[in-house]
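Quick heads-up: it's one chain on its own, the form predicted alone, in structure tokens.
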Amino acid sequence: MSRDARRLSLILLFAPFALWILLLIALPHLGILALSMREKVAPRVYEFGFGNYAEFITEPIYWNTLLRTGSMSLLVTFLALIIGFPIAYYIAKIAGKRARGALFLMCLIPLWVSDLIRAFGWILLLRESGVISRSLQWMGLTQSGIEFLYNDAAVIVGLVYTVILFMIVPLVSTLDGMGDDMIEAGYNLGGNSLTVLRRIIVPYAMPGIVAGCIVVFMMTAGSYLTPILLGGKNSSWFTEQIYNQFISRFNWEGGAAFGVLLLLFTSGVVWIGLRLSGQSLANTVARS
């Protein structure tokens, strides 16, 4: 009787999660995949084919935009890691318990508002008549306003600001489990700060590094609002191509194919990263 009750409890516990995976992830992806295989041959006449994928291959602007999105996302991931690792190490190993909560709260502040509000906040700072440009004029460093918007640098800054929390959280979770005696042993054996970082801290934190990089890269590659608003017409982000296929051209089959290609591309990059780092996805998720 108790075994049956325990089994029922486990089923009820995992049922919402299983339904969430099935209804919001598995079925929509299967639907998008099926839609991408519909090739339009006449008005309201479709047949199975790979014409939508062939259109992507034969049009250089599409795969150039995808490659550019991937390279920019890797750069954002690298910058988030470089900036987030010292912050995570300070929170996990140096800050006190009270300070740790306050620092986490400060990291959570950007998530209190939507992506749209955060993007418009950067617009107020970076536009030609914005806070930074007016401050430079007031200090006499420039005679006229400077436009900091509508370029790759503005897009990168906005994306790093948006995703850096998702780099810090897994790093803090991993580094928090590292005992101080490991670091002290490294110094006692004659290692300097760089050696201890390279031989002890980074290898121990590798599951958190990989987990944070995966989340940040996937979020950045799939971002839409920030690249469009901060990059303007100069932005070349693949999600904009997907939007144009769905909304501007009413080509749902082509948009679905582009969505599948973006998923396959980002999944391939993640797989290559796991192979190069020597980590597995299961161990990474378990440790972080």
Partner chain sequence: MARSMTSPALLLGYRLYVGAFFVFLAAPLFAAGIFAFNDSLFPALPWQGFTLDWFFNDTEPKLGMFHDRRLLSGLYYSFVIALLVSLLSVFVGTTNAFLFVRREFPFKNALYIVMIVPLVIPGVILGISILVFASNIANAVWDAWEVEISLLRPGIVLVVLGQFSFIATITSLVITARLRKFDTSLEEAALNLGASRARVLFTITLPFLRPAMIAAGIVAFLVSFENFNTTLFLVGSESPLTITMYDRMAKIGSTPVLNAVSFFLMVGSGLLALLSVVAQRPGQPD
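Basically, rigid core = biggest C-alpha set you can superpose within 1.5 Å across the two forms. Everything quoted here is computed from the prediction, not taken from an experiment. Residue numbers count along the first chain shown, from 1.
A second form of this protein, the form predicted in complex with its partner chain, is not displayed here; the remarks below concern that form.
Novice: Using a 4.5 Å heavy atom cut-off, indicate which stretch of 202 to 210, 186 to 194, 69 to 77, 139 to 147 touches its partner chain in the predicted bound form.
Specialist: Stretch 186 to 194 is the one.
Novice: With a 4.5 Å heavy atom cut-off, would you call Gly259 a contact of its partner chain in the predicted bound form?
Specialist: The answer is yes: Gly259 has a heavy atom within 4.5 Å of its partner chain.
Novice: Using the partner position in the predicted bound form, report whether Tyr46 sits within 4.5 Å of its partner chain, counting heavy atoms only.
Specialist: Answer no; every heavy atom of Tyr46 is more than 4.5 Å from its partner chain in the predicted bound form.
Novice: Residue-level contact is defined here as any heavy atom of the residue lying within 4.5 Å of its partner chain in the predicted bound form; does Ile57 satisfy this criterion?
Specialist: Ile57 lies outside the contact set for its partner chain.
Novice: With the partner left out here, check for me: in the predicted bound form, does some heavy atom of Gly177 sit within 4.5 Å of its partner chain?
Specialist: No, Gly177 sits far enough from its partner chain in the predicted bound form that none of its heavy atoms falls within 4.5 Å.
Novice: Which residues from 206 to 230 come close to its partner chain in the predicted bound form, meaning a heavy atom within 4.5 Å?
Specialist: In sequence order, Ile214, Met218, Gly222, Ser223, Tyr224, Leu225, Ile228, Leu229 come within 4.5 Å of the partner.
Novice: Superposing on the rigid core, I want to see if Leu264 changes position between this form and the one not shown - specifically a Cα shift of 2 Å or more.
Specialist: No: Leu264 shifts by under 2 Å between this form and the one not shown.
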